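A single chain comes next, written as C-alpha cells; it is the form predicted on its own.
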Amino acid sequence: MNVNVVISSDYSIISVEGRVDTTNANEFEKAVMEVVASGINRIILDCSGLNYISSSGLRVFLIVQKKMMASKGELRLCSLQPGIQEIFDISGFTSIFSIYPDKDLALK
C-alpha cells in the first residue's frame, strides 16, 4: 500500500494505491487521520490505484467519514475500480459516501 497526500486550499487529495487489508489498515488510518487532525475538513480519497480493500479497510473509510461529518467537513471518494465499486455497492456504502467517477468531477 502506498498513500500520497496533496494539501490544497480547496480539497486535500489523499491517493491510496495497492491493497488496504488487515496487514496495513492501521497504517492507512494513521496517514488519513493525520490529515484530519491537522484541521483539514475537505478531503478527496482518490481510489484509482486501490485494487483491494478488506473489511478492515472499509472500517477506516467509515471512521474517516464519521470524523468528517462530526467536524462539518466533507469526504468525497473518486475513481473506484469496478471491483471496489462492487464491494461498496454490496456493503451499502454507496449510500454513505459521496462517490465520483473521477478526480475532476470530485473537485467541482
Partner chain sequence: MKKTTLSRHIIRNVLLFCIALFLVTFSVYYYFTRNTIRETTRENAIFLANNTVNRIEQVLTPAEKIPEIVAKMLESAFLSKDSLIPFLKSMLSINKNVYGSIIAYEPDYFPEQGMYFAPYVCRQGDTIHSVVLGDKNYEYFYMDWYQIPKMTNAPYWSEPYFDEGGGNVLMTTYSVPFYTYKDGKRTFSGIVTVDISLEWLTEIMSQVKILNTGYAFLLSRNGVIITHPNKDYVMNQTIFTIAKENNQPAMRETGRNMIQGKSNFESAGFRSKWKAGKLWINYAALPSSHWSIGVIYPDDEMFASLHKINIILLILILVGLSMLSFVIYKIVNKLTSPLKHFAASARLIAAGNFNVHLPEIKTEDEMKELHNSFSFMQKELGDYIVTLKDTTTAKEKIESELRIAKEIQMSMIPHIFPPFPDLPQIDVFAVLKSAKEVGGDLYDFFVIDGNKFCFAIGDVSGKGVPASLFMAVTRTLVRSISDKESSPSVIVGTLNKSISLNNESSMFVTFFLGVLDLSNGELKYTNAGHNPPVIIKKNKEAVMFDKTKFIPVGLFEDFDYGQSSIQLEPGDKIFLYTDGVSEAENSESELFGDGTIMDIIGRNVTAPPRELIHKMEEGISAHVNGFAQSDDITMMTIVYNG
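Note that the structure is predicted; figures quoted are calculated from it, not measured. Residue numbers count along the first chain shown, from 1.
The form predicted together with the partner chain exists for this protein as well; it is not shown, and the discussion that follows is about that form.
- Look at the candidate spot formed by 72, 76 and 103 and say whether the partner chain comes within 4.5 Å of a heavy atom in all three of them in the predicted bound form. No: no residue has a heavy atom within 4.5 Å of the partner.
- Message: Within 4.5 Å, heavy atoms only: does residue 31 come near the partner chain in the predicted bound form?
- Response: Outside the cut-off, so no.
- Query: Should residue 17 be classed as touching the partner chain in the predicted bound form when contacts are defined as heavy atoms within 4.5 Å?
  - Reply: The answer is no: residue 17 has no heavy atom within 4.5 Å of the partner chain.
- Item | Any non-hydrogen atom of residue 56 within 4.5 angstroms of the partner chain in the predicted bound form | Yes, residue 56 lies within 4.5 Å of the partner chain in the predicted bound form.
- Query: Heavy atoms within 4.5 Å of the partner chain in the predicted bound form: does residue 99 have any?
  - Reply: Residue 99: no contact with the partner chain in the predicted bound form.
- Residues within 4.5 Å of the partner chain in the predicted bound form, restricted to 80 to 108 and counted by heavy atom: Result: 86, 87, 89, 90, 91, 92, 93, 95, 96.
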